[in-house]
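Have a look below at one chain only, the form predicted alone, in structure tokens format.
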Amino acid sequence: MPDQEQTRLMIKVARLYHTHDMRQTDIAKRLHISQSRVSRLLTQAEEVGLVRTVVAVPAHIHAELEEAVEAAYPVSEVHVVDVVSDDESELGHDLAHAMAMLLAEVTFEAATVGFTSWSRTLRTMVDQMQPLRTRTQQVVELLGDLGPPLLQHDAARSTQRLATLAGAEAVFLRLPGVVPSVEIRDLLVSRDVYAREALALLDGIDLALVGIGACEVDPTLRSGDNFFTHEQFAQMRERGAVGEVCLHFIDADGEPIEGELDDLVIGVTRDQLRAAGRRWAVAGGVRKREAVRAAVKGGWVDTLVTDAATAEYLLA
């Protein structure tokens, strides 16, 4: 294998070419190297096994950084990824790819997998996945519908694809993820037997694929669109919230912030999430750093896939 810096450059070039569909000339301009060097790096990446049908990043290339984060926080595993850009869309693509590879490599019993289907990174992960070796019976959505119908359709498609790859049954939660009042929540749940069955399954989650969000309206959603409003987020920030885990607000130490907004969510509860056998999350980038730190510090996540800059932030 080449030295570590050369390996990182090969990974970056390979990702831009194979997973971001960039031309070699554009990669050369972006990285300020010659096109002939880009070509050589792609060839070398294949020769050393970094590129097969996907970009195969060597495990634990950031071993010291991963071990330092694992020692500093109550997490079992941290996987640190070199990303090609700080742009949130490109960063999410690389993190999703790493999470897909991680899930493909492990084998364990997880009869019930909880899936945050509205997470853009997790949906991208599903698009890149191969059939799983983990033995699963059902994949159930952790939250109801968020956002416009097109996003809801995409979320349902991802849930179905993940279930197919796991050889499992897809269990959908086709109610709004956030509602205006407790009365509306209770009425909707009482009239939907399928929703009640899905919510009951969340009592026994073996693996939760957790969504971590900043304490603001997600860029892919609109204020109040089956979601919290700008005013509700501002209210929680005033009370110390720095982020949310599956729409449950937490402060900088990862402690839950009690309040009426929890009662407006149709989905996994804090207690159900805490009781899950495993809680895996993939998140990073500047906008989510505080939320990621709070989630790992509070024990809401036991396996984290993140970028190198976010991992360094966790240690700083």
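Each form is matched to the other, and the largest set of C-alpha atoms that superpose within 1.5 Å is called the rigid core. Worth saying up front: this structure is predicted, and the values here are computed from it rather than measured. Position 1 is the first residue in the sequence shown; the rest follow in order.
Beyond the structure shown, there is the form predicted together with the DNA, which is absent from this document and is the topic of what follows.
Visitor: Exactly one of Val48, Ala63, Ile33, Ala252 has a non-hydrogen atom within 4.5 Å of the DNA in the predicted bound form; which residue is it?
Guide: Selected option: Ile33.
Visitor: Looking in the predicted bound form, any heavy atom of Arg23 within 4.5 Å of the DNA?
Guide: Yes.
Visitor: If you check in the predicted bound form, is Lys29 within 4.5 Å of the DNA, heavy atoms only?
Guide: Answer no; every heavy atom of Lys29 is more than 4.5 Å from the DNA in the predicted bound form.
Visitor: Can Arg287 be called a contact residue for the DNA in the predicted bound form at 4.5 Å between heavy atoms?
Guide: Residue-level check for Arg287: no, no contact with the DNA.
Visitor: Just to confirm, Ser39 within 4.5 Å of the DNA in the predicted bound form by heavy atoms?
Guide: The answer is yes: Ser39 has a heavy atom within 4.5 Å of the DNA.
Visitor: With the DNA left out here, work out from 287-295, 253-261, 267-275, 39-47 which stretch has heavy atoms within 4.5 Å of it in the predicted bound form.
Guide: Contact-bearing stretch, as computed: 39-47.
Visitor: Do any residues of 158-192 have a non-hydrogen atom within 4.5 angstroms of the DNA in the predicted bound form? If so, which ones, in sequence order?
Guide: Going through 158-192 in order - heavy atoms within 4.5 Å of the DNA in the predicted bound form - there are no hits.
Visitor: Is Leu42 displaced by at least 2 Å at its C-alpha between the shown form and the other one when the rigid core is overlaid?
Guide: Superposed on the core, Leu42 moves its C-alpha 2 Å or more between the shown form and the other one.
Visitor: With the core lined up, does the C-alpha of Val301 move 2 Å or more between the shown form and the other one?
Guide: Result for Val301: no, shift under 2 Å.
Visitor: Distance change of 3 Å or more between the C-alpha atoms of Phe115 and Leu16 in the predicted bound form: closer or farther compared with this structure?
Guide: It is farther: the C-alpha separation of Phe115 and Leu16 rises by at least 3 Å in the predicted bound form.
Visitor: Please say whether the CA atoms of Arg120 and Met22 come closer or move farther apart in the predicted bound form, knowing the change relative to this form is 3 Å or more.
Guide: So the answer is farther.
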